[in-house]
Structure formats: C-alpha cells, structure tokens
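Shown below, as structure tokens, is a lone chain in the form predicted alone; questions about how it binds or moves come after it.
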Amino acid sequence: MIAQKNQPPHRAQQFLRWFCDPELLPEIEGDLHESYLEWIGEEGIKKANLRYWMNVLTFFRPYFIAKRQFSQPANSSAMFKNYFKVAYRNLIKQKLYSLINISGLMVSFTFCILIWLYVQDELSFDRSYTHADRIYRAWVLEDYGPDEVFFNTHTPMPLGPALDSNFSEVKASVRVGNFSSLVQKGGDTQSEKVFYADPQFFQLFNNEVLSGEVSLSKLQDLVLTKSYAVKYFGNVDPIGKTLSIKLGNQFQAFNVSGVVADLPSNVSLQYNMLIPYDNNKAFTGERGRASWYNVSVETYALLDEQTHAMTLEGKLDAMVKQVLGENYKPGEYKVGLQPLTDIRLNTEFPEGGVAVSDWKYVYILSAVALLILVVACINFVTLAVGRSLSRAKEVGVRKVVGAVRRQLMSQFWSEAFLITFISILLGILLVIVLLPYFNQLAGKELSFLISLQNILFLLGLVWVVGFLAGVYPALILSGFSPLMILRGSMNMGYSRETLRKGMVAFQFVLAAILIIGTLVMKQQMTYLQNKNLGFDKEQIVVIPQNMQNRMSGSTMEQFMEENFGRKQLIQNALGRLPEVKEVTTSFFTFGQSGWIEVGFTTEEGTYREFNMNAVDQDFVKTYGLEMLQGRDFDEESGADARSGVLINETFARAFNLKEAVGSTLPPPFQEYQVVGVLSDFHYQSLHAAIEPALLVMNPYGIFKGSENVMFEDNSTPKISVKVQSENLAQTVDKLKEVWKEVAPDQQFEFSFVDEKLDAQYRAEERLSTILSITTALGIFISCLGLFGLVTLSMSKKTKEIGIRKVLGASVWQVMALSYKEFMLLIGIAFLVAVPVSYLMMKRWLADFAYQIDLGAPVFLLAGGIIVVIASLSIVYQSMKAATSNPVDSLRSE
C-alpha cells in the first residue's frame, strides 16, 4: 500500500519514458524516484508531484531525447529470425497461455473465413457478366394516391421494344419470362420450368457456351445447360436433337441449338431450358402482349458506355406519355431502371422473377464475424495484461542486459504475429473440413479457392489481428522501468487493472448480446412454426397438375373444366385408397408466397384490393377451415358453382358486410353472393398481416370485372390430398401408382404443406442456426479467456490463499475471493447488454407482422446461461486453488 502511495505522477513517468533516450532512462528515472521519495518526506505528496514534473521537463533537451532511427540495421533478417525463435520458445514454455490464445483465434478465424466466403458470394451476385455495370432491370410504378401505389419489377411486354426504338442509348433490351410446362422425350414426360427470352439474351448475359450456338434466332431453338443436356441426352451430343415442350394445348418440337455451362449459383437468372420469346404467343393473347397494363415479364436493358442510367430515366416520362396518351395524369405512371448488380440485396424493389436476399443478413453475419474476432483479440490482450507481472521481470532483465524498448516491442509483436499465423493456418484447415457442412447450412455452393482476393483477405486478417493483439504487450510492457522492476517496487497500477476488468466486461457484453439474440430468434422461429394458422397443415400432400395456365377469354373456362374435371377423375381413383381422407383442387395451396391479388375501383371511385383463390367444394373440408357464419359450398348447388363465394372475417370488416351471408360482393362483382364467412386464416407467411380474401369456385366473372390481377406465385392447379397414415412414404407410393393410372402423361411430383410452410422462414431459420453456432463459439472463446485469467489470478494469489487457509478460511471463502470479482464484472456486462440487445431484436422482429413479446423471461434466461457458463470456467480453478495444501503455497512463495 505504501509503495502505491509513493509512486511519482503516472503521466510524468509516461512522458519521460516517451522522449528519453532508453540508454539514459534507467538512471534518470531511478534518481528521480529516489528524489521523489525524499520530497514526499520533506514537503508532502502534492509538492513532490510538482517538483517531479518540473524535473522531468528539465530533461526534455536534445541531449536526453532519444535519437529516432528510421533505417533498419544491416542484420535485420537475423534479428527477426531471433525474434521469432524467442517467440517460439515462449509459446512452448507457456503452453496453457499459448493453447488458449491459439484456440480462440483459430475458432474465430474459421468463422470469419466462412462468413467472408458467404458475404463475398452475396456481393458478387451478377457481377460475372462482362457488361454487368451497364445492365439495368426496368420497373414500373403506378401511383394513384395513398393505398393505391403499385410497384412492379414485372413489366409490360411492349416496354422492351419501346426502349429499343426510342433511345439510341439502349444498345439492346431483353424480355425474360418463364412458365411451368411438360417436357417430353420419347415416352418420358417431365415437368420443367422453361424460360423464354428475346434473341439478344446472350448479348447481355454472356453465359459460357460449351457447344452449338445460342442465338435463339429460330422459333424452335432450345438452349440447355450442361446438366440438363446430360439429363435428357446422357453423353450423346445433344446439338440438333429434339425435345417436345407443351405450349398451350399441344406439344411442340424444339431443336437443341446450344449448350451452356451450368450457371454459377451467384447469378440471378437461373435457367436450365431457354426458348425464343415469341413462343409465348401460344399462351398469351394478343391483347396481353400489347397491353401496357399487363405486367408479366422482366425487361433488362444494356446501356452504351457513355450513358448514365439517371440520364436515361429522365427521358422515360416522355416515352410513357407518348404510348399512354392522356390515360394517366402526370406522375401516375413511371418507368425506371434498377442496376443488375443491385437486384440481389435490395429489398426496396419488389421481388420479380429472381430470388432476392436481404442486406441485413449480410450486415448481421459480418457484424457477428467481426464480433467473434474482437472477442478473441480481447482474450489475447486480457491474458497479456494478466501476465504483466511475470513478463515485467523478463522486461527488466532484458533491459538491464542492454535491450532497448524498440527491440522489446518487436519481440512482443513477433510473438503476437506468430500466434496469429499459427491460428490462421489451423483455421484454414478447419474451413476446408467444415465448408461442406456450412454450405448445407447456408444453402449455397461456396468453395475456398486460392485467389488474390482471398490471399489479401487472409494477410489482412493476420496483420490486423496480430497488430491489435500485440498492442498492449508491445506498447505497455516494453515501457516498464527495469530499476523499479528489479527493486520489486513495480506497481501494475489502477489503470491496468481497470483495463483488464473492462475488457473482460466488454467481452461478456458481446457474449450476452449473442445469447439474447439467439434466444429471441429461436423463440420467434418456434412461435412461427407453432402458431395456429387457422387451417390444418399436417399430412396434406400437394400434387401439381402441371397444366398450362391461361387466364384470359374463353380459354379460362376451358381451363377450369379441364383441371377440375381431371380432379374428379383423380379423386375417384384416390378414393379407393383407405389412407386418403379428403381430396381437393385449387389454384393455390397454403405455403405459397401469396394468392391472386384482385384490384378494382368502387362506385365511389376508390381503388380497393382483395385476394382470391379458385377452389372446389372440398377445399374448406380438406384444410379444416373454420366456418363462422353461413355454410360451405354445396356440391349439388349450381348457384354455388357459378357465383358463390366464401369470405374471411377481414374481408367482411374491410367491405363493411355486417350481415355478410346472403349479401353480394361490391360492384362490379355483384353477381357473386356470399354463402359463408370463414374465421381468419394465414394464407400468406407470418411476415404479412391477414388481408381480405375470398374463395370462389368460378373466378371467371371476377377476372372480367377486375382492373388489375396479380399472381404472387405459380397458379398451376394443384390437388391436395389429406391422408391418414403412420407410414407416409408407403402412402405416397400408393398415390404415385394411382397417378400413373389417371395421368400417365405427367410426372408425379409432390410436396407436403407443412414443409412448404417451414420453407417460408428458411432464411430466418438459417440465420438463427448460424447465430446459434456463433453464440456457442463466442461463449467458448470468452470462457477460454476467462479460464486463463482465473488461472493467472489464482497463481498470483497463491501466497494470499495460503495465509487465509492457515488462518482458518474455509474452501468456500477462498473460492468466493475470485468468484465475486468475476461475477461482478459479468453482472455489469449483462446490464449493459440488455438494452442494446433489446433495441436490436425489436428492430429484427419488426419485419414480422406476427411476433413474440420481448419480455423479461428471455433476458433472465440469457443471464442465467451466462452465469452458469462463466461459473464453470471460474469454479474449477478456484476449487483447485482453495483445496491446495497451504504449506506448498507458502513454501513456493
């Protein structure tokens, strides 16, 4: 205690050590310290401090100021070799310390590299095309005022040719669409997703051509990817071979004109079969192809090198006015351009025909990876702080035998870089082992290649982490005064102890945030998976009918008859199976991204919307929807088949239908009559709130009266089969046999409704799983550091523990010594983490229309987990010290 009080001003000491020549510093510092002790005795501490400062300032002269050397000595390579040799010896000598540091850094490096590959893949989407920076996707915005804004990345079919003919800045435009169809080769028929595009497609999207030509210039041209060429033709050269694709009501022959390499996973347009655009005439009427109000394809434009997209966008209004005339007021109809490279991660634009991810997942994972790295670096530094006393003796001896501070700094940084280098090598090996599992988890096809980008990233990691990890030992330990160290008056100081405690606390703040985040995500996922959705989802098999969908003119009625007629045939056949309880046919089932959006203008001039699904009379029964008022569709009622509708509660409220049963729908759909009101059910994912929805057996009149019809997902009719069986695999086999009898021209495909529902939250589930693993890693690394610190703390208190035990202290009292100290830090860390994590998780939950309440239990549980895990790290070493023989402890001191 006396030694602490008699320490000269810390800042004055720091200043002296900073400027003073290392060769003169020990003598000057020693003399000043002796004088300082005398001044205290004569004049008190305040005057002694002042005199110490004044004397330090008098030494700030050229003679005493260290001469900075900016050139490396001639034998620098030998010197560095020696540094790393000494560092290696220290690693071997301090096995526990080295193991803790290397383990922590290795785990964090492994995770960082995996996340780096993930983020790299997300950021590289669509950048592999030669003209990626000049390709834009068009969008259309119709704005009629509040609640009447329609924003689409699906565009009218005439837009592409209009861009080509009106603007010389557009080098080429391409319209791209797709449909599900049947593909036939010989007697084998399969259902495939077929893309159609303008001939300029490959001018924009330069996929690697393996054989043939990819011009799409002839109506019967067909381009396949390599895997699909193998799928249909094996090892035979497919060029010139024929496949039949069903367009409309009949199969048409297509000749394979070219084969391209399988598309990389980081491009948006993922096609396997591509045919010329003009083939869409087989399933799109002339009005639909010419209409500026029908949005059905994506339009991409390649601009010339001198044109900026904003410049071209400024000219698009004039084009819109030219083609639409006075049908729209200024500003109501807009066309714009979105960069191709922006599509993948920009959720502000509606999802078109390509999959969209979210920036926030990239941010979250990057932040978590950085956080794990920070935790590992903190471990390194806190352990270095904990070892300060033992390293101080080493510093003192080295300085006495002639080492200057610069050499000691180099020595400490050499140790840090050596540990970092070993850790990253082990981390790379772990990445190679874990990458297949990570790909499965992330749903990607990542690979760890030796590229310039990856090498620079790894070198950057080594330099940044090695530098940060070695900062404290290099800058602080190297500055210790050898005189004070060897006199035994070395004081670690309050600031260093505070630094150590602060870092431990910060480390556990991060760990607590991770734990709370993981628990909240898990809780939200459980809530989503178990929430009552208002319908039965278990043991329902969905079988798509794979027929062309046609939504215009009389073909619609024909389409309905064909599909629902086939359903009856299949239903009769399936009825033979005892496992089948119910069968129904509908355009949409549950687990799809949405139903049909229908827009219309009321008599008051207000634009309204509702959602719709075309179903048969068994839909409500099969899915177990709850009837609140009225009745279900009557199979024998011709009126129900023509004009009956079932509405949900939200529809009744939204359209003010107080006595809903028996009332008609608002004009222009007044020919439809409500026969029943259903309890609200979630036909969209829980990201979206329930909106007005209706079920109808004959949607033709609603299509005719609507102004805007949007299909959120594939509307190909599907048969839903509710089964009652413990052996689902066997039941599915039986369904397949029946399907072959009834629909021999179609491949049997199926899915389960509950699996489709789970898939709606796959992105969140993946994030939650990755975060769970990250949390475990973060806790592991934090506990490694805590374990190391407790070990060092106990080793310093050996004498104290021995004396306490001799004087009668119990094992629990001795254990409480360190336990209280660390638990207090962890408690403070948890209190800091709670508000931070609360705000973060509130923001994440805001993306869900239905969410859990962020109550106290989740935070208390997180706190309990931290206390238990930290206790495990502390108790072992505390117990070991407390149960040791005090005679040994005192003898060792």
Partner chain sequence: MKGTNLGELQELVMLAVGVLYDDAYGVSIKDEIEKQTGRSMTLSTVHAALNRLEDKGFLISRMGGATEERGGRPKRLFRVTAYGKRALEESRMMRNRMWESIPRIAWDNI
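Residue numbers count along the first chain shown, from 1. None of the values given here were measured: they were computed from a predicted structure.
The discussion below concerns the form predicted in complex with its partner chain, not included here.
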| property | result |
| --- | --- |
| Option touching its partner chain, based on a heavy atom within 4.5 Å in the predicted bound form, out of Glu43, Asp853, Asp31, Asp847 | Asp31 |
| Partner-contacting position among Leu861, Leu37, Leu839, Ile65 - heavy atom within 4.5 Å of its partner chain in the predicted bound form | Leu37 |
| Segment that reaches its partner chain in the predicted bound form - one of 839 to 847, 861 to 869, 826 to 834, 23 to 31, heavy atoms within 4.5 Å | 23 to 31 |
| Close approach of Lys47 to its partner chain in the predicted bound form, 4.5 Å, heavy atom | no |
| Its partner chain contact in the predicted bound form: Phe59, any heavy atom under 4.5 Å | yes |
